[in-house]
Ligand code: C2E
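First, one chain by itself in structure tokens, the form predicted alone.
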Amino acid sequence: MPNGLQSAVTDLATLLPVLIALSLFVTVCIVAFLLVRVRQSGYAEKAIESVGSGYWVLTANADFIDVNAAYCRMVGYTRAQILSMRIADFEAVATQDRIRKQIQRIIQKGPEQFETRHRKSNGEWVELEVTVTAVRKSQVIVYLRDISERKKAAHAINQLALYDPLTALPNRRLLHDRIEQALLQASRSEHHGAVLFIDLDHFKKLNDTLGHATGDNLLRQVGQRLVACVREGDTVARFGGDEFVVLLARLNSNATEAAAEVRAVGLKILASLAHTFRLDNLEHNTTASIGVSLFSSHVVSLEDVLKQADLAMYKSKAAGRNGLHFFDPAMQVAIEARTSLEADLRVALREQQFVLHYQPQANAGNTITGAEALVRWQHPVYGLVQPNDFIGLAEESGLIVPLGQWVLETACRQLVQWAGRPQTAQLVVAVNVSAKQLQQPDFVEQVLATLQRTGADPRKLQLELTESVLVSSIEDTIVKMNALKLRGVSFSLDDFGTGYSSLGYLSRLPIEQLKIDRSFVSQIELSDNAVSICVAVIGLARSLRLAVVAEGVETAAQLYLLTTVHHCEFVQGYLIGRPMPSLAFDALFE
């Protein structure tokens, strides 16, 4: 290629982008000119129709000059119909006068963008993003974009983030926000507010027996009933599982009156939930336990309000369920003390702060035949703590399992020591076993390993069970008892007659002994009924070839009636001997 021609081609390639840009600029100017000269140009209609989104051309007084087909499709009206209407006929809330003022402001100050809703010809609404631009003082261009799908998506995301998908009620996140707002309002005014913590009673049983689908059905219906029990401005939220929270705001400024308002709502809720639920083809009745935390301008945190309502709810549970209780500051003190005690209990297990005391058991001839091992806590601050003050807590926290193992091992070591002395070689030690211990899958292995590790004689070990242990998993309990009995371990049924007495299971249990509860023994001098019960238990034990022990013997008259008159074989109580350390117990045989 000649150098001159090559140079011309190079120059043309350099100028080409500039020519293209210039061409686009001219095109834009022409389109703008066409839009400005809407009425003066025969190409206006084509220009408007060429735009993909909705377009209006308006006068400065907000009257229609023209619209494009895209907007007609959005609202379902023809072009002729729209041109005969006013903007206020479409807008959700705006008046024609307000629209005129808005256009005048745009002409003076420049473009605006906002969102609005327009009513369609079928009565439905379309969500729009609107951009208004003043082209000339006498004309305005309005660009309208359908954002309905975007709005639906945003709403769906908001629902997932702030609402429970099962009940469509506010979830915990939204509830927290609304409680924070209510607390803020209360701090600025004299009005009270309240949080009601609602827990369905025995919901787990329904879920386990009839399935989660049925449980979900019940939760949905409960949510609907709760909403029907409160005012429009109140909040009903699903807190989680079978727990719901109701937030009542702007209650009476007087605390007593506010509490009365809350109680009325709470009782209304209990009454509503008491009506039978229809779960597919099943009729189901349920109850709820409600705890209330009332708050006012006094500064309190979100966490405190929910904690107080939760504590009050558990008070309702403890009182028999299907009830309502208000938070009492004394409850908080008790809970904090209990929490501190549990922490101390864990330290006590780690540092072995427990000791065993032994209470003598004697036969009718007043000869000591054995002892019941009773645990005590040698607390470094509070001194000797009795089992009534910590065994319940150990049960609830699960610490009863390691504590029970320590008691068993310590008692077995004591048996080995007694076996080394002729005076105490025949003594039997009774060790209490909790339900949680017995439910351990390896309970039998633990007991046998303890006996082997300590060298204790299984025939001198007696495990005491209460009747409550036998309520659940009776078959599994019998299997474990039989496995230990084959190795020589014996069993005693404690507190007989006070729990779930059943001759059916009594005839199947591999036990060797019944213990008459101290509540009957203490009344034997005063009550014919107590005498009858003691006589009946003694007779039943004799007919089943079981030994019988009367607990709580404290007077000579009780001892005489039980052993001489009614021929009870063994007794235990303060008259025979109080629980005592091992050294004091050993001294009884010197």
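Everything numeric in this text was worked out from a predicted model, so none of it was measured. Numbers for residues come from their place in the sequence shown, where the first is 1.
Below, we turn to the form predicted in complex with the named molecule, even though it does not appear here.
request  = With the named molecule left out of view, choose which of 344, 310, 372, 467 has a non-hydrogen atom within 4.5 angstroms of it in the predicted complex.
outcome  = Filtering the options by heavy-atom distance leaves 372.
query = Heavy atom within 4.5 Å of the named molecule in the predicted complex: which of 518, 151, 225, 284?
reply = Selected residue: 518.
key: Partner proximity in the predicted complex: residue 554 to the named molecule, non-hydrogen atom cutoff 4.5 Å   = Yes, residue 554 is a contact residue.
message = At 4.5 Å between heavy atoms, is residue 510 in contact with the named molecule in the predicted complex?
response = No - in the predicted complex, heavy atoms of residue 510 and the named molecule never come within 4.5 Å of each other.
query = Is there a heavy atom of residue 438 lying 4.5 Å or less from a heavy atom of the named molecule in the predicted complex?
reply = Judged by the heavy-atom cut-off of 4.5 Å, residue 438 is well away from the named molecule in the predicted complex.
inquiry  = Within 4.5 Å, heavy atoms only: does residue 391 come near the named molecule in the predicted complex?
reply    = Residue 391: contacts the named molecule in the predicted complex.
message = For the interface check, one of 183-191, 488-496, 126-134, 95-103 should have non-hydrogen atoms within 4.5 Å of the named molecule in the predicted complex; which one?
response = Heavy-atom contact with the partner occurs in 488-496.
request  = Sequence order please: the residues of 406-430 with a heavy atom within 4.5 Å of the named molecule in the predicted complex.
outcome  = Contacting residue: only 407.
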